[in-house]
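One protein chain, two forms: both are listed below as structure tokens, the first as structure 1 and the second as structure 2.
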Structure 1
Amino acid sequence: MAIIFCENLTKIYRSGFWKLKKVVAVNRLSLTINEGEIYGLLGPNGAGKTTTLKMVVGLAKPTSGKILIMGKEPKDSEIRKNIGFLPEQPYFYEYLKGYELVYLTAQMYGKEVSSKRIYEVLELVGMIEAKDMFLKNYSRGMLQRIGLACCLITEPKILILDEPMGGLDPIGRKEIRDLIIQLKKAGKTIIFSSHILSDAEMLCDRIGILIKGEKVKEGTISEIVGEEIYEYEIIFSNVGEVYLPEIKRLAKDLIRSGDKWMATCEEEGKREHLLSLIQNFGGRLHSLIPRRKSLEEYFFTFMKEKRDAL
């Protein structure tokens, strides 16, 4: 069932002193986000991701087109009870403390929440220790986390996260990823924009790629990237130096890492041959990993094709 539905959504900004210059930020965008799914809105800077999300939460009004959230338009402020929104590079009231901000956010939803609930959410996003610190002293990652706490405090059904992993270190990104997976399990619908494609690949049920305000591709990762294996990665050890040239002849690449070797090959036949050689030479097989094209690789190829076509 569609929880967010956008049809022919267009946003044109006017700029310049006389407002005569038109900038099309989003162009005839149609989207259907289903209940309980994680949808990733991907695209380069200026693709219209943030503008789309702002229109969904009612911060910007569409020039034309329709948005329905659970059957109602975003201008119906009551519908926003069901939405938790984390803006890109979140800016909060610097004069507030972490705990105060979460409390105030719950008040904005018209809900009285207990201290216990606030502590629970702060614990969930790993901010319990910093609850009494003024927000002006928070790092970018801490602001991102407290922003998530604000999104979660009233347990909304839909979470709209604009670049939720932006500015986070790898550990912080992993924690936020795990949290998003946990929230999906709890039945939340999550729509997020990102330029970190590996994160989108790990999280999203479906993605939509925007370029210059238009949706150019949509589907599951495998529909977009394809299931085709393009390479096998074999990691092994304990093979004598004398046997390595034979392995090297079959492999596309052979790289040493400590006491282990990593061989890559593209064909299934070569893979089988390599495995039997390693076994015959008395080697120890550590792993065999089939590699599919990553979303990142797909994205770069796609963008290059688009640029070349222009």
Structure 2
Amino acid sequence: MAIIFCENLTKIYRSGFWKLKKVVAVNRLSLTINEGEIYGLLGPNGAGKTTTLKMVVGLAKPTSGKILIMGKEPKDSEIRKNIGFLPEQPYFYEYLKGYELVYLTAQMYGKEVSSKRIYEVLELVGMIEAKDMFLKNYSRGMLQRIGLACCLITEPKILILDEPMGGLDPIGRKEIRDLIIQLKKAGKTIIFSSHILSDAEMLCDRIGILIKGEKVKEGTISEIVGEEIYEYEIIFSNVGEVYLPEIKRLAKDLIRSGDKWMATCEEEGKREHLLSLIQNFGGRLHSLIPRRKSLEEYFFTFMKEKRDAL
């Protein structure tokens, strides 16, 4: 069932001294986000991702088009209580403590919350030990997590996150990914934008790709990228140097890493021939990995085709 419905959303900004220059940030965008799913909004810089999310939460007014959240407009006060929003670069007063920020956020919604609920949310985002630290001493990852705590304090049904993994190190990204998965399991509907395509591939039920304010692709990862195997990766060892030229003749690439070799090939026939050679040469097979195109590989190829078509 659709929990967010957008139809023909358009946002036009005016720029220049006399506001005569027209900039189309989002152009006739239609989206349907289903209850309980994770939806990723992807695209290069300037694609319209942030503008779209701001219109959905009611921070920007569409030039034209329609937005319905749980059947109502975003400006409805009850709807706003059911939305948690984390902007791309949240700014918090640095002399507040983590606990104080979460408490004040709840008050801004006009909702009294118990200390128990605040502790529950801080525990959920892994910030219970930092609750009495001033925000000025928080790392980027800690600020992201305390921002998520603020999003969750009113127990919203919908979370809208603008670049939630942006600027985080690998550990911080994993922590946020794990938290997003946990929130999905708790029944939340999550829509987020991202430049980090590998994170979107791991998390999203569906994605939409925006280019210059227009949706150019939408679907599940498998629908967009496909399930076709395009390459086989063979890791082996214990093959004498004298036999390597014969293996290299069949392989697309042959790369050494320590005491192991990695051979790649694109055809099943060559794969079977390589495996036979490795066995006949007394080699040890460590792994055979069929590779499908990743979302990142697909995205770069797709963007190149778009640029070449211009």
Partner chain sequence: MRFKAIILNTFIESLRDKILIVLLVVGFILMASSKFIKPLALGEEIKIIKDLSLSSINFISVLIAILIGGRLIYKEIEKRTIYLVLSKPIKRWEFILGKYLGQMLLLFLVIGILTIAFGIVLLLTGVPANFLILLPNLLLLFQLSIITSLAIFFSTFTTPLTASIFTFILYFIGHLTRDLKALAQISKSPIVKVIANFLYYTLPNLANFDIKGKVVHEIPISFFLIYLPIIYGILWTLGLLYFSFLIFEKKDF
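Since this is a predicted model, take the numbers as computed values, not measurements. Quick note, the numbers are simply positions in structure 1, starting from 1. Rigid core here is just the name for the largest C-alpha set that superposes within 1.5 Å across the two forms.
Peer 1: Two forms of the same chain appear here; which of them is the form predicted alone?
Peer 2: Only structure 2 fits here, because that chain is the form predicted alone.
Peer 1: Any chance the CA of L59 moves 2 angstroms or more between structures 1 and 2, core superposed?
Peer 2: L59 C-alpha, core-superposed: shift of less than 2 Å.
Peer 1: Quick check: H286 between structures 1 and 2 - does its CA shift reach 2 Å or more after fitting the rigid core?
Peer 2: After core superposition, the C-alpha of H286 moves 2 Å or more between structures 1 and 2.
Peer 1: After core superposition, I'd like to know whether W261 moves between structures 1 and 2 (criterion: C-alpha shift of 2 angstroms or more).
Peer 2: Indeed, W261 is displaced by 2 Å or more.
Peer 1: After superposing on the rigid core, what is the C-alpha displacement of K248 between structures 1 and 2, in Å?
Peer 2: Here K248 registers a C-alpha shift of 4.4 Å.
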